[in-house]
Structures are given as structure tokens and as C-alpha cells.
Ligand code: BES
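Okay, here we've got a single chain as C-alpha cells, the form predicted on its own, with questions on binding and movement later.
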């Protein structure tokens, strides 16, 4: 898809389609008023007759409107003007794309950028229009023998800006939106890939390919023998029942000041989670291919950062395994020794994500990080607590938590903070080891984070539980690519704060 920005009146756009917002109670937007005036009241007459009310979701496609140079004018209902927020703006763009797909128009000039979104500027609107468009057009059809092809596919969007003074910033917003969308797209593709293809070795190869595409990314992969030497007994305990060897992937993007401590993202990469000996129920077990979406988001955000050539130091660490039952698999009651030296009683082999993350979090210490953020589809309890809207956030450093909450509000990829109080730590007590890997029924998301916190005492750390947001079930089943948008916004905010 080609994206660009342009200034100019809508009636003068020589293009296949111009998209114009209309608000509830038949209120015309600025661009609608301009076209209405050029066409001698054609738009206002249609609105007066009730052809479009302006409610959210209303559309009206017009052909050959008098005194305009475009072939079509698409009116989009946006609802009440004062009520338009981030989510509504996203929906409006999605409605636009779905309508255009069946219209035959291949090139579009969008004036949806004139919509007022609370506390958001023109650059934000351009960037998030691109994300919404790409989200709507996304298909995972690599493994289908017959692919759906649009008769006349959309190929170009032009976003309207107010005057030439906004063109340069608008182009930067386009670049940013395309890079974030590319990262989200990559994360989605990795998440949607079936587990017989997307193995730990496959993820490692994808990360190595990334370093070939971007000279500033340096990728290294530790094999099981390397992890054994480092004492990663917790991570390796998870892969014991699988024929697929575990990998520990490190992607270093060091384009900032040499003295700058890096931001580290750690992504859980369980490419398929059967539960191990503590076998999961069969229903919907196919969705356990999404247990590597934390890893996918880290690979996606590393791609975005490299595409934008940001002057910052960021490291992505991906511990990746397959969790399977086998004669050699870890049993409930086994005790393993982590890289940190702490011993762990494995009471449930289906609580494996924390077992691979804890060694990766200890490994992160060697890079002397500024902050470490882990991303994991960690607990079903998070879905019970928060549903499918925000990711769960827990942290040992309130300023870091606040930065992530703020980035979530800006990006629309939101998270919600849960308490990480010492009161919960006693639920992880073990009679036979330093710590148990589960804490009972109550507060499962919090006790999982409490477990991880035992391995993060040497740096500022935050944990994002994305179990509820990483993929969708049902008829629109598929990976969401979250939280690539949130993580990228966090990095951009850090850069802005450093100016």
C-alpha cells in the first residue's frame, strides 16, 4: 500500500474517491461543506432528505458529483463530533476501508484527518489511520491454495493536511505509521503460523533474517548446550518433553549513545503449549500456538525500531520452547535450578511460561539494562480479570509503569496496572524448594508476576500479561499483533523525553 500526504481542497482532487466525514444529526464537516458549496448544495440536499444521518457506521457513496474532479465521494457517518475518541476514530477508518473495497476505487484521498479526536494532533491521526487501514486489509493466506483477490484492490491513500506547513510532519507520521504497521503485520504472521512450522528454530531463523535485513540489528542464538553451561535449568526443564530444541534468541539494536543503558524487551516464545504432563483440555488447544505472541511482538517491535532508524539502544530477548508431554518431560513435583541459583518446585507443568522467562530475565542482567519489560501470554486469570481489552501490567518501579500506561493511552494499545504487593508472595511458598511455580487459585496473574519479580531485583522491570489481547477467537480468529503499538510508543516517548 502506498501512503502519502497532501494539502488542498476536496473538490479539486483528481482521484478515484474522496472520503468525507459527516457527523450525527446531519452535521456537515468542513470538507463536506466545501464540496456542498462547489456542488450547489448537492450534499446538504441529500442530508436533508435523510440519505445519511451521520450516525457512526452510516455510509453514502456518490458518483460524479457536480463541480468536483473526483470520480466518487464517500460520506462516512462519524457519530457525535464531541464523542469521537481513539477507538471511534479507528472504527471510522475501518468502515471506510470496508466500503471502499467493494466500490472499485483503487486510490483515495481521505479527509478523515480533519476529525477532532480528543488530545490528538494531525500526525497522530495520520499514523493511526494507516494502522487501522492495514489492520482491516490484513489477511493470513500464505498456506491457502486459493487466495481471495479483490477485483480492484486498494493501492494508494492520500491523507489531507492543513497547508504546506504540515507536509513534512505529515510525511514523518506516514513513515512512522507504516513502520509500526509492518511490525504489527510481522507479529501477526508469526502468531498465525501453525506450530508445525513455527517452531523455536523457525523463530530463531526469523530473528536471524531480521539482522540480514537491518544492519544495525545483531542477532545471536544460544543452543541448549549453551544454556546448560549457563545453568538455565528452569528454561530447559520445559523443552525436555519435546523433540524441538529450545533456543534463546538475542537481538541487539544499539544505535544510541554508547554510554546509554539499553531498554530490554523479553518475549515469551512457547511455540505450542500442550500443558506438558499437566495436559490442557482438548477444546481450543489449537489456540495454544499463540503462546509465542510475546516473542512475536518483540521481533515485530525490533523490526519497527530498525525501520525507523531510531537513535536508541534496545535489546530483544526471546526464550523459545515447545511444551510437550513425553517420557522425559518434567513432572509435577520435580525441582529444577534456575540460572539465578534459586530452586523451583514445578507443581504444574502448564505454568511453563514463567519457567522460561525467569532464566531469560536473569540473563538480561548481563546487559546492564535501564529497564526490562517482559511480554507474555502468561495467565488465563488475566482474561478473567480484564477481558480482551487491556493487557495486564505489573511492575517493581512506578515511573516505568506510568510510562507504559501513558504509552498505552497514546497508542490505543492499552494496559491496566495490577498490584504487586508482598502480601501475595507467600502463596508461592514451597516445602521443598525456594519457590513454587504456582500460587493457587486466587490472584493467578499477580502471583505469576510475583514469581517473576524474584528474578528482577537488580533492575527496573515491568511485566505485560497479554493473554487476553494477543489473539482473537471465534469467526475472526487470529493474532492481533499486540502490543507492538504500545511498545513502540514507549520507545518513541523515551526518545522525546530525552530531547
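Residue numbers count along the first chain shown, from 1. Worth saying up front: this structure is predicted, and the values here are computed from it rather than measured.
FYI, the form predicted in complex with the ligand isn't displayed, but the following is about it.
Note that among 75 to 83, 252 to 260, 375 to 383, 92 to 100, the stretch whose heavy atoms approach the ligand to within 4.5 Å in the predicted bound form is 375 to 383. In summary, among the residues 401, 288, 230, 117, the only one with a non-hydrogen atom within 4.5 Å of the ligand in the predicted bound form is 288.
A heavy atom within 4.5 Å of the ligand in the predicted bound form is found for exactly one of 224, 171, 350, 244: 350. The ligand in the predicted bound form comes within 4.5 Å of no heavy atom belonging to residue 188. Although the partner is absent here, residue 455 sits far enough away that none of its heavy atoms falls within 4.5 Å of the ligand in the predicted bound form. Using a 4.5 angstroms limit between non-hydrogen atoms, residue 280 touches the ligand in the predicted bound form. Contact annotation: residue 467 falls within 4.5 Å of the ligand in the predicted bound form, judged by heavy atom distances. Interface residues of 260 to 275, taken as those with a heavy atom within 4.5 Å of the ligand in the predicted bound form (partner not displayed): 268, 273, in sequence order.
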